[in-house]
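Presented as structure tokens, the chain that follows is alone, the form predicted on its own.
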């Protein structure tokens, strides 16, 4: 197991290194000049040269990359070109909003998706199965922005139950925080719940037709125990993979939802930095996203061995 973990950590470092090359090349290939954006269209050449020298943009690209890589190794993301503030402080101020949104969306997706998938598998071919499949199809088909706008019109404008936009920090008011995050979490988690439901249903149907389930019935075990402890547990490997992969995408892919509900989160920061050619912020946000993907996948791999002891045994022999 230790060798397996070391191997995965080595793969993670190599992946981050390759991602850093792609990020640096991508940002430098973007059209537009950050110095010109900062100084304005009517600025003199001397002013532009001074800004480029201050930002290190007058250095050869390999020198710029190695300088940035050295800073990243020390967890120094530099200063924002647009605001002058340290990038790490900017990210830390935005990240909690997105992490909370991603966690609540994942919770919504897991509860609705797993519950719907189990019911659909147990009632295969019956009305409950049809309703669950129809709901999953709608969840995957409806765009987030449309669902968000309809939610605002119904629950904020017509009924007045929830705020239409804005974010209330958890430390200020628990009720206000939950009220401001309910709609964004449901909007962002709906599509994922549909995917989780479909995968849970397929895995459960396969598990329920297995020999060990028939053996459990023959031994006289309670049906609820067979479903929850034997069938559902063995079906969770596929579901865990989906949830793990989607958590990374939720962190970086909440851009549309944050824009609709005016949440000053991580996705919003990425969009702002791209529009203003804020290279240090772009590079730092993408690196943080890549690191989050890798970390979540590593955690999911470790959870496999907890859910399925056969995987633990295979890992121990490596």
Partner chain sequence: MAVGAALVAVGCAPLVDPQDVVSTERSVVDAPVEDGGELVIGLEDEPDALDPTLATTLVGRNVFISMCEKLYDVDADLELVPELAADAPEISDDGLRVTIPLREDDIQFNDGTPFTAEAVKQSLDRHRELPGSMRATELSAVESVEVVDDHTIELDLSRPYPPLQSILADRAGMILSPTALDELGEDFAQDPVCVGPFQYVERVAQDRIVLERSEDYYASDEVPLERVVYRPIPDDVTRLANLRSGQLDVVQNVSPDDVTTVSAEDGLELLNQPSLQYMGITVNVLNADGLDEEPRSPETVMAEHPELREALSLTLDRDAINDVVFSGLYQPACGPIPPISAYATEETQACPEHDLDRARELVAESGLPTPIRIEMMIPNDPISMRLGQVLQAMAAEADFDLRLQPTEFATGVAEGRAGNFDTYIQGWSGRPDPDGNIGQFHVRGGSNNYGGNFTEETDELIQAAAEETDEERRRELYSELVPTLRDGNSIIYLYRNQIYHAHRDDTAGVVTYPDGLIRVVNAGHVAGE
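Take the two forms, superpose them, and find the largest set of C-alpha atoms that agree within 1.5 Å; that set is the rigid core. Predicted model, so just to flag it, every value in this text is computed and none were measured. Positions refer to the first chain, counted from 1.
Not pictured, yet referred to below: the form predicted in complex with its partner chain.
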Quiz item: Could you tell me if residue 166 has a non-hydrogen atom within 4.5 Å of its partner chain in the predicted complex?
Solution: yes
Exercise. Tell me, yes or no, whether residue 250 is in contact with its partner chain in the predicted complex, where a contact means a heavy atom of each within 4.5 Å.
Key: no
Quiz item: Would residue 31 count as touching its partner chain in the predicted complex under a 4.5 Å heavy atom rule?
Solution: yes
Practice problem: Answer with yes or no whether residue 105 is in contact with its partner chain in the predicted complex, where contact means some heavy atom within 4.5 Å. | Solution: no
Quiz prompt | 41, 86 and 157 each touching its partner chain in the predicted complex (heavy atom, 4.5 Å) | solution = yes
Exercise. Please pick, from 245, 150, 170, 229, the one residue with any non-hydrogen atom lying within 4.5 angstroms of its partner chain in the predicted complex.
Key: 150
Quiz item: Tell me which of 237 to 245, 105 to 113, 77 to 85, 215 to 223 has residues with heavy atoms within 4.5 angstroms of its partner chain in the predicted complex?
Solution: 77 to 85
Quiz prompt | Heavy atom contacts to its partner chain in the predicted complex at 4.5 Å, residues of 133 to 147 in sequence order | solution = 145
Quiz item: After a core superposition, would you say residue 54 shifts its C-alpha by at least 2 Å between this form and the one not shown?
Solution: yes
